[in-house]
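One chain comes next, on its own, written out as structure tokens in the form predicted alone.
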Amino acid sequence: MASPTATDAPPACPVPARILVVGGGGRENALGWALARCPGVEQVLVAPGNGGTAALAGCGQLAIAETDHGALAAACRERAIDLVVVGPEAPLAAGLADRLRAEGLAVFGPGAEGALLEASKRWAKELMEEAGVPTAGYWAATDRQEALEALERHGQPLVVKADGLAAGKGVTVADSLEQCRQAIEEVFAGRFQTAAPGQEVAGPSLVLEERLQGPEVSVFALTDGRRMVLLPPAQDHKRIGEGDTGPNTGGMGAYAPAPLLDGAGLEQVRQLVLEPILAALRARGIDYRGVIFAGLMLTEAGPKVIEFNCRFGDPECETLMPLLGPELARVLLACATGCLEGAPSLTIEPRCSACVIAAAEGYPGEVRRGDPIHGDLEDHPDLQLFHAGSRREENGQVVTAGGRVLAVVAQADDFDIAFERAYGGLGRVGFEGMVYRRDIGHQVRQRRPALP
């Protein structure tokens, strides 16, 4: 057999010198920070960014909304952008990646068809059935009566999921039939009814699911449509209250790597969940390039998918980025251009990462805005401050502008020290009415850190 020649080798993936990150949350703050640290990257721009973007070393800011696809495309042409990383789900569902790819740009993020993996719970469930991916049993309903009848037939509490994008707040894990009925009423009253920009608002619909039992874990696969790189598993804390009580939020904190999945467990998830779903996407003619986020429940029968998302989780992204090595920019470009085989291996720091979210008073409901954010964190290689719901006013003052305002992230050789650093950092920043959980990481901490 002849030896491989240079022409047989996979194409080498270059370093993207100029990168645009689309979005304005904590996830995009963390992505910009991580990509700006990669050798060979000359400039990272974030659009629209937030009140903390300008403070990120190596990052600039563009005042372009994620909904303004034309202006984003023009900015990419004017600035000779080598790679676009789309952070949030809404612009992906609205076809931003399709628009930019049509202009010849390399984009990390799926097109509108691939984004249905998150944008439609029913579509995702049907795809899981096709792929043989383990998940909870479900019933889809397009009107209130149909949903209530399905609930009565089942006769016990179910999980109620609005069928669409709801910023992490469209899911009710009900403890009673009455709570289920109330959640169904809220969905069909239009509480979670949204549409991607430029699309018509569809009538409300939902998915009812069997309740699964077990710990939850988040797994992220970076993919070029055929191959994939898995990141360390993370565990999010969705409930607003300590002891995992109260309503679901977009996430109040996270940690990684979650010991719930070891190397063998992660490989099982690859084989049972990620590779089959990627193959099912290809079978539908969808060239999925970006991240597949599998939210899993580790049941007695094995891992089962709670939901898929088409982007990095938040706050898992803030938690994971400090653990990823200097090859990240090249790996994301390789995914965007379909040449992951030629990318360098992604280094993963063998450390513990802890993230605590500071939210505004009233979250996850109506929140107060405009409160000055004070304090800062000293320059420390193992401590990061990522902004989310903040904005910078004309006088330079940074104020609150959303529900989840700040993420304080820290790394150490064990979780006790990592959370001690994170909570210590949280004590040096703040704003009026700041809300945070004091028990983030309770699953892995041996001792409770001193809290601000």
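In this text, residue numbers run from 1 along the sequence as written. None of the values given here were measured: they were computed from a predicted structure. Whichever C-alpha set is largest while still superposing within 1.5 Å between the two forms counts as the rigid core.
FYI, the form predicted together with a small molecule isn't displayed, but the following is about it.
**Student:** Of these, D224, D82, E209, D163, which has a heavy atom no more than 4.5 Å from the small molecule in the predicted bound form?
**Tutor:** In short, E209.
**Student:** Heavy atom within 4.5 Å of the small molecule in the predicted bound form: which of L324, V159, A73, L230 fits that? Just give me the one.
**Tutor:** Answer to the contact question: V159.
**Student:** If we take heavy atoms and a 4.5 Å cut-off, which stretch out of 141-149, 259-267, 301-309, 344-352 is in contact with the small molecule in the predicted bound form?
**Tutor:** Answer to the contact question: 301-309.
**Student:** Is it the case that I373, R428 and R437 all touch the small molecule in the predicted bound form, with a non-hydrogen atom of each within 4.5 angstroms?
**Tutor:** No, none of I373, R428 and R437 comes within 4.5 Å of the small molecule in the predicted bound form.
**Student:** Quick one: is N248 in contact with the small molecule in the predicted bound form, heavy atoms, 4.5 Å cut-off?
**Tutor:** Contact check for N248: yes, within 4.5 Å of the small molecule in the predicted bound form.
**Student:** Would you classify K238 as touching the small molecule in the predicted bound form, given a 4.5 Å non-hydrogen atom cut-off?
**Tutor:** Residue-level check for K238: yes, a contact with the small molecule.
**Student:** Report yes if any heavy atom of R289 sits within 4.5 Å of a heavy atom of the small molecule in the predicted bound form; otherwise report no.
**Tutor:** No, R289 is distant from the partner.
**Student:** Would R330 count as touching the small molecule in the predicted bound form under a 4.5 Å heavy atom rule?
**Tutor:** So R330 does not count as contacting the small molecule.
**Student:** Is E349 one of the residues whose C-alpha moves 2 Å or more between this form and the one not shown after the core fit?
**Tutor:** No, the C-alpha moves less than 2 Å.
**Student:** Given a superposition on the rigid core, I'd like a yes or no on whether D244 shifts its C-alpha by 2 Å or more between this form and the one not shown.
**Tutor:** After core superposition, the displacement of the D244 C-alpha between this form and the one not shown stays below 2 Å, so no.
**Student:** Does E103 count as moved between this form and the one not shown, where moved means a C-alpha shift of 2 angstroms or more after fitting the rigid core?
**Tutor:** The answer is no; the displacement is under 2 Å.
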